[in-house]
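One chain is shown next in structure tokens, namely the form predicted on its own.
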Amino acid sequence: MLRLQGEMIRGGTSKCWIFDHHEVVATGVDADTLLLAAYNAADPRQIDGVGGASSTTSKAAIVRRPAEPGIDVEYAFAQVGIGDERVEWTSNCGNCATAVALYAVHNGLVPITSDSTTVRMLNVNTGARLTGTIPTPGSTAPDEGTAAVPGTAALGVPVLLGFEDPAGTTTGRALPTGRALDTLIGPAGPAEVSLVDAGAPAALFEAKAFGLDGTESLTEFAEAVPALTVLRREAALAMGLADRNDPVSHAVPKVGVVARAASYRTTHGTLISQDEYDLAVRMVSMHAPHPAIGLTSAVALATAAAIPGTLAHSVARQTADGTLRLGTPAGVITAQAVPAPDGASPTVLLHRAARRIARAELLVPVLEGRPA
């Protein structure tokens, strides 16, 4: 058995194990092998590991002190397979970034000098730069708070998460193909799509192309996932994220549908009127409907909705102050685009919550460099 120290932190609507880079290196095993064994990724239930058998609970971040100035912590985000012995390192996760910010405050990766502390983060997967601002009253790191986010009734420490200059992080352009509208070939034939790179690469389709109105339950939306999975692969090729001979990625690009606001009920039965939000969205997370929305997807949507000609812009209610209220299965999530100087793309702000759940020593069964 290998021994690995880590912290489990809930960031928003995800749970993320946070590991120190030096702890991972000290095991003498490569990160993929270590995580596959720790999470019991080969088992769809992850019954013999620390994964939660869902895309929002099979996540990890490996953190280290940065090599460049102006950053407090850099982290590599890992989406660990479920019934699939593979770790995806090609994307970022805003909810895990929320967790990393709280981890940094508690573990001395950033000095606490006032009643509010901002953690400057670099996601090494994508090159994205983020900030996480956390209240530190009396210059102390908080263990609890009263902040809540749609998708869970649990409370946590409030974190104001900012995605700095998010456009083109992966491909170099907000519109990787140079067009606001493209056409891809899916199982049912041609489908219009807006391919956007902001926060994360995303392929956004109009819901009506799949016979949907954007207010579907998770079960109803699941019927469109197989077609969207095929189209995600085509989008990856069109955006230059993969070649035909590359393995299929189920994490990049993000993929989902958008529609005009209409009244609907959340997963918990709360009625949301069409006047309470600006854009209906349903996203896919790995192989299944996302129970809310990934924050990198929210950044992509906020960016796309501001670009004339995209599908998101055509169906979103436009606002004067840069806010975009997204109607998700869990409820309404608000993103705000704040103008940035020097020609950079707007910083996108989101309000999140985080809570430390555990500090633990994991006993990881690794045999001959492979998961046991």
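Model, not experiment: these values are computed from the prediction. Heads up, when I say rigid core I mean the largest set of C-alphas that superpose within 1.5 Å between the two forms. Note that residue numbering follows the sequence shown and begins at 1.
We do not show the form predicted together with a further copy of the same chain, though everything after this point is about it.
Shown alone here, I357 lies within 4.5 Å of a further copy of the same chain in the model of the complex, counting heavy atoms only. Within 4.5 Å of some heavy atom of a further copy of the same chain in the model of the complex lies at least one heavy atom of R45. Contact check for T152: a non-hydrogen atom falls within 4.5 Å of a further copy of the same chain in the model of the complex.
Although the partner is absent here, G49 is a contact residue: one of its heavy atoms lies within 4.5 angstroms of a further copy of the same chain in the model of the complex. Shown alone, this chain has one stretch from 274-282, 138-146, 166-174, 297-305 that lies within 4.5 Å of a further copy of the same chain in the model of the complex by heavy atoms: 138-146.
Residue T57 is the only one of T57, T33, Q336, S345 with a heavy atom lying within 4.5 Å of a further copy of the same chain in the model of the complex.
Taking a further copy of the same chain as positioned in the model of the complex, the residues of 1-18 that bring a heavy atom within 4.5 Å of it are, in sequence order, M1, R3, M8, R10, T13, S14, K15.
With a cut-off of 2 Å and the rigid core superposed, G240 has a Cα displacement that falls short of the cut-off between this form and the one not shown. Residue displacement note: G51 has its CA displaced by at least 2 Å between this form and the one not shown (rigid core superposed).
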